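This document starts with one chain, in the form predicted alone, laid out as structure tokens.
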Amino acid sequence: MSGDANGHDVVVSVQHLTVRAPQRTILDDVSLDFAASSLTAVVGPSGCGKTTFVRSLNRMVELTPGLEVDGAVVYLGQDIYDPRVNPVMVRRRIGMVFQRPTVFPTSIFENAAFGLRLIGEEISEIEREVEEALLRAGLWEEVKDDLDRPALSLSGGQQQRLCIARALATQPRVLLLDEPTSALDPAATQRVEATMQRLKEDYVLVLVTHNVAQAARVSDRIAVLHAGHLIEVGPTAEVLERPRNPLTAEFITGRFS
């Protein structure tokens, strides 16, 4: 099954993506387009391939030994799996936020500036871009007077928004979020969800979530994976209210997870 981006400007096009481990196929012939200014929630039962899928979109799947990738992930017309393409540059343009906040034992400022320092930005540009990233991540007002404070002293929700800011600082076009609120309390989850809803106006967001209610709250579109196959994709309300595939209906009504 394939999924289009409803005629909008396609930023990422996944074409016949297959990922194999030594003993099994994790993703099987998945095709799906992602349009500008959109938030797609990728859902499905545990073990269906959601995390592998999202890690394939910026070549982080290559960091897992033994996995073999076939097919293409085309970003603005360039297959990111072309051997001539630098994976570091891919991850600059297609950023990622993980399930648990991964802050470094340095200051708030240095956490947000990490990627900018790696690419050799001038300090004046770093200061401007850090402020902009913290603003976009919805954290600036909470930390602007204390940027030298250790990042590890922030709450879990603040740490996750700092990770979002770090990803945004290098000016990606795409942001991948792998269950970014699963370790957070409801209040922190709400703030991260509000951040996602703001960001989708300017970025391509791909959200992996187990939480169907969260997908309903924040996404424009839902893609459903089952046993490595893309079984359904469509506007969020349509998929949740009128699923076409019986397996989708089983998942969203909680008959399997």
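These numbers come from a predicted model, not from an experiment. Residues carry their position along the shown sequence, with the first being 1.
Beyond the structure shown, there is the form predicted together with a small molecule, which is absent from this document and is the topic of what follows.
Visitor: Taking the small molecule as it sits in the predicted complex, is Leu230 in contact with it (heavy atom to heavy atom, 4.5 Å or less)?
Guide: Close contact is absent here: in the predicted complex, Leu230 is far from the small molecule, nothing within 4.5 Å, heavy atoms only.
Visitor: If we define contact as a non-hydrogen atom of the residue within 4.5 angstroms of the partner, is Thr51 a contact of the small molecule in the predicted complex?
Guide: Residue-level check for Thr51: yes, a contact with the small molecule.
Visitor: May I ask you to state whether Ala21 is within 4.5 Å of the small molecule in the predicted complex, using heavy atom distances?
Guide: Yes - in the predicted complex, heavy atoms of Ala21 and the small molecule come within 4.5 Å of each other.
Visitor: Is Leu67 near the small molecule? Define near as a heavy atom within 4.5 Å, in the predicted complex.
Guide: Because a heavy atom of Leu67 falls inside 4.5 Å of the small molecule in the predicted complex, the answer is yes.
Visitor: Going by heavy atom distances of 4.5 angstroms or less, which of Ile26, Leu57, Val30, Leu39 would be at the interface with the small molecule in the predicted complex?
Guide: Residue within 4.5 Å of the partner: Ile26.
Visitor: Where, among 211-219, 41-49, 184-192, 197-205, do residues come within 4.5 Å of the small molecule in the predicted complex by heavy atom distance?
Guide: Of the stretches listed, the one contacting the partner is 41-49.
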